[in-house]
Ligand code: PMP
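As a starting point, one isolated chain is supplied in structure tokens, in the form predicted on its own.
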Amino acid sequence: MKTIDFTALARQNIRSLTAYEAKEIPCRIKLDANESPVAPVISLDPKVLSRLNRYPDPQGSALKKTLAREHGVMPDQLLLGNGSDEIISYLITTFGGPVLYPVPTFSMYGITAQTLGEPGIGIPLQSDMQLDQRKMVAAIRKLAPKLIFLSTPNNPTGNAFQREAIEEIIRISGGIVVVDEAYQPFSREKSFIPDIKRFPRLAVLRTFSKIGLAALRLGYLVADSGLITEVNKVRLPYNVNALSQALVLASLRQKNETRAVVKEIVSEREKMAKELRGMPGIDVVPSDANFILLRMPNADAVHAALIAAGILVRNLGSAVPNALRVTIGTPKENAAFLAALRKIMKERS
């Protein structure tokens, strides 16, 4: 049979694209994906199971009403998505490019822009992992991006960007500034959602993936109702399934339990950061997220040694050279990671 060159058949902008990889490496302790270490216990309304033969609410009306009360906005200021990834795609589909973002950051901004045939422009962060405001402003004035994505706290660096810098970007931008708050529940900084009233060009992305519900794939956008109306035009019908809607609604009735888990993760993050700062050869980036970025010589070798010890963390490779990202786990998992890393670093000193 003749071999078909499917690459030649693909659109030009897809040929050079590298797919987002979420590698699954079997390890007894998994600290690589920024997931919550605790699964919530949620009771599902049996009525939901009795209606699996029916399509879900296409608008997610009940969930949007609850989220609107939670954030002090109107339901028509919300759009639900199958994870934040889907909403990022909808935003770029709706408004086009150029698409501007700092680097390193969440790779799906650039991947999605390229997938949709729009130019993606990455502006390197400063050495302190903060926005290079001079270069960002220059790029905005020269390129007039339709969309600017700012992940704060930022993945994979973990730090929150300075609020004054973000507000300046919003003020000078003629396009839409999307503040991605995937990790905001773990941050000392306040959410930008209340600022939507002041800045109509501001949109805020949130997700349930980091606070215990990663399997449900449910994210949402909060913005001016006019912006939501435009994005809703490209939203796929029934994009959020009934089980995800029902389980997230149930979780919102258990806010105290979720907050307790988040508080424990933040406490463990601070304990772990203190321990890591005491290890020679490791540079710890201050974190406002549920993970910590570590810079060290020979990160590849340390990563391999941790896997050999049954502990999986994220090797950031070329995105952040000589750096590992470690998700905050349970106290027991964190202690095991610290003990393994301490032993590895001692052997290599």
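Since the model is a prediction, treat every value here as computed from it, not as a measurement. For every residue, the number given is its place in the sequence shown, counted from 1.
Heads up, the form predicted in complex with the named molecule isn't pictured, but that's what we're talking about next.
Taking the named molecule in the predicted bound form as the reference, which of Ser173, Thr207, Gln184, Ser244 has a non-hydrogen atom within 4.5 Å?
That would be Thr207.
Counting any non-hydrogen atom inside 4.5 Å, which residue from Pro75, Gly110, Gly96, Gly83 sits next to the named molecule in the predicted bound form?
Answer to the contact question: Gly83.
Name the stretch: of 119 to 127, 227 to 235, 194 to 202, 209 to 217, exactly one has residues whose heavy atoms fall within 4.5 Å of the named molecule in the predicted bound form.
One stretch meets the cut-off, namely 209 to 217.
Even though the partner isn't displayed, in the predicted bound form is Asn155 close enough to the named molecule, meaning a heavy atom within 4.5 Å?
Judged by the heavy-atom cut-off of 4.5 Å, Asn155 is in contact with the named molecule in the predicted bound form.
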